[in-house]
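In the form predicted alone, a lone chain appears below as structure tokens.
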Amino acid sequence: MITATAISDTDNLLDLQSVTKAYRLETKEFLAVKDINLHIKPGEFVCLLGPSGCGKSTLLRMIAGLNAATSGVVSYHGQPLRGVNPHTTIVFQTFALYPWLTVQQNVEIALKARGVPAESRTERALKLIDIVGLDGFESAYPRELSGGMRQKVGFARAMAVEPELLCLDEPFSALDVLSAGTMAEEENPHKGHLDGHSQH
């Protein structure tokens, strides 16, 4: 379970005020996240450290608007978050690729959802696929890729929409040291970044 103390500041990109997430398992209540107060400014890099199962992924999902808090308030640019945050993307630890889509299609799908024209989608997707080191694998399916390669696709898809806040759920765990360094260099230093890492 993650706990934190309050940090006070102004002009924040993201604010979490007394955020708690509880799950009910049969007759017992399980607290995944308890009373979190967190404030992130634009351009700031924040890393959540803790053992597996302590609530890092749950917290990232609430920040992205994929899960609602049981109590407390998640605000983005001072406004309470309602539903999915359109200015945030998340790279999942499990990659979350569509198995029936190729590498290029998996990267393009985020752009398609934003209404980006087909020609622009293709150009941006191919550029990102090259940046993450998967040039030549555009037509491959996730089942044909290694774990590290699938993770690169997830990273390219997240970066395709140029998010204001990028949430990374152990995004480099399946990558070799050189690839992880390359991916880290591609992150935009002027945007927010929230990274969850297991502490071993």
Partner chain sequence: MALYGGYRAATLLAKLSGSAWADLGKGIVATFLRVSVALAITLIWTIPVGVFIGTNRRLAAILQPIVQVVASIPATALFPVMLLALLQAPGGLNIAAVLLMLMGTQWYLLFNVIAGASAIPQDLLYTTDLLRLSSLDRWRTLTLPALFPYIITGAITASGGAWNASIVAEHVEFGGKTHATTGVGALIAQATAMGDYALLLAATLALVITVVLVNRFFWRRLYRLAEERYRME
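Residue numbers count along the first chain shown, from 1. Worth saying up front: this structure is predicted, and the values here are computed from it rather than measured.
Below, we turn to the form predicted in complex with the partner chain, even though it does not appear here.
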{"item": "Segment that reaches the partner chain in the predicted bound form - one of 24-32, 131-139, 44-52, 153-161, heavy atoms within 4.5 Å", "value": "153-161"}
{"item": "Heavy atom of each of 103, 117 and 126 within 4.5 Å of the partner chain in the predicted bound form", "value": "no"}
{"item": "Contact flag, residue 113 vs the partner chain in the predicted bound form, heavy atom cut 4.5 Å", "value": "yes"}
{"item": "Close approach of residue 90 to the partner chain in the predicted bound form, 4.5 Å, heavy atom", "value": "yes"}
{"item": "Interface membership of residue 64, the partner chain in the predicted bound form, 4.5 Å heavy atom rule", "value": "yes"}
{"item": "Contact flag, residue 80 vs the partner chain in the predicted bound form, heavy atom cut 4.5 Å", "value": "no"}
{"item": "Stretch 96-112 - residues with a heavy atom within 4.5 Å of the partner chain in the predicted bound form", "value": "96, 97, 98, 99, 100, 101, 109, 110, 112"}
